[in-house]
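Look below for two forms of one protein chain, each set out as structure tokens: first structure 1, then structure 2.
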Structure 1
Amino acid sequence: MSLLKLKDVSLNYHSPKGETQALKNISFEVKENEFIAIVGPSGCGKTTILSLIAGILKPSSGEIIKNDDGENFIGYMFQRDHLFEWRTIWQNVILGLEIQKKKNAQNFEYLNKLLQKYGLYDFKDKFPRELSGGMRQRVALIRTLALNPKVLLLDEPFSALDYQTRLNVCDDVNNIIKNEKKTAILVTHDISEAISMADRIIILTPRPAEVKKIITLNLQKYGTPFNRRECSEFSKLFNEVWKDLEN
């Protein structure tokens, strides 16, 4: 089932200095429980696509069809974790519930369960500065999950982490997304990351971004992102994506 569909979406930014065309006729669809990675040259329009899907921007032309009428269809996770340093981990993860006036026993129970399942329960009363970078990203993800969104938008969520941490957090985040049965759209500069996590990779051209190619991967059988990086098809896929990004 298609959960989300972009049909010939274009977007122009208007500013006093003039018009910037960011996206040109972008079309793709996202199926339920699918993991999509979007890769493209720097400044090509990747974040703009996520902003459109989140409803923060409206397309200049084309349409975005969401196959769902739930109010919290989308959850957004950014490059920086945006945790509030003066709030404890618990106070951070309930932030969305607080804003939407949904603090109740059932939602708290769900959050406690997530914290337990993903090794953060004992850190509930700590402050963000007491946690490692990887743990902080897990907290940020759990805060996003609190409102039970169907689709998670991840905008380079690992790029601020060092390489070793990044590999671990990839595995953790992937595990959480699969366990909680979420659909995910990941924007990344990192080709290896895209291959190790996604079901399909959407490759964009330089700005204004157009869809250059969509590659379907069949690496689920290898399990975790870490294991997928070790598989025999990996380097061939890497070269394919790399070449498409180069020219």
Structure 2
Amino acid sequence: MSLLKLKDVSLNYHSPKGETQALKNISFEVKENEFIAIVGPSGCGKTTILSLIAGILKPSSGEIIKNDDGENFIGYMFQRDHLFEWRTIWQNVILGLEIQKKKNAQNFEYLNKLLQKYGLYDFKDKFPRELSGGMRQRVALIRTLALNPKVLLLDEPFSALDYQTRLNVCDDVNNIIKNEKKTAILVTHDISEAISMADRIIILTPRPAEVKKIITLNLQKYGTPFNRRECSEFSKLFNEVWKDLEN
């Protein structure tokens, strides 16, 4: 079932110098429990697409169709974890519940289960500075999951991590998303990351961005993103995406 659909979405920016087209007739759909990766040249508008889906921006034309009208349809995870250093891990993960005035026993129980399941419960009274980079990203994801969104928007969430930590966190985040049966859209400039995590990859052209190609991957049988990187099909897929971006 299609959970989200973009239909001929365009976006124009206006300034004193005139009008600039950022996106042109972007169309794709996202199915329930699917993991989509969006790649494209630097500055082509990848993050802009997430902002449109999240409702931060409004399209100049076209439409975004959501198969749900709940207030917490979207959860957004940014490039940096944005944890508040003066709040404990527990105080950080309940932040969304505080803002929406949804602090209750049921939601607290759900969060405690997530912290236990993903190895963070013993750190709930610690502060972010006491955690590794990978653990901080897990905390950020659990904070995003607190309001139980149907679709997760991931805006280059691993870009601030060193390479080894990044590989481990990719596995962690992928595991959490699959276990919690979430639909995810990842924006990344890292081709390997996109191939190792996604079910499909959407390749964009330079600005004004259009959908150049959509590649369906069949690597789920290899399990974790780390294992996918070692499979025989990986290098072929990498070269295919690379050539599409270069051309």
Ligand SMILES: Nc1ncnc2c1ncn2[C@@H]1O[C@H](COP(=O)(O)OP(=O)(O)OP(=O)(O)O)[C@@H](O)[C@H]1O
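Whichever C-alpha set is largest while still superposing within 1.5 Å between the two forms counts as the rigid core. Just so we're on the same page, residue numbers count up from 1 along structure 1's sequence. Since this is a predicted model, take the numbers as computed values, not measurements.
- Between the two displayed forms of this chain, it is structure 2 that matches the form predicted alone.
- Comparing the forms between structures 1 and 2, the C-alpha position of residue 236 differs by less than 2 angstroms, with the core used for superposition.
- Here the two forms are laid over each other by their core, and the C-alpha of residue 18 is off by 2.9 Å between structures 1 and 2.
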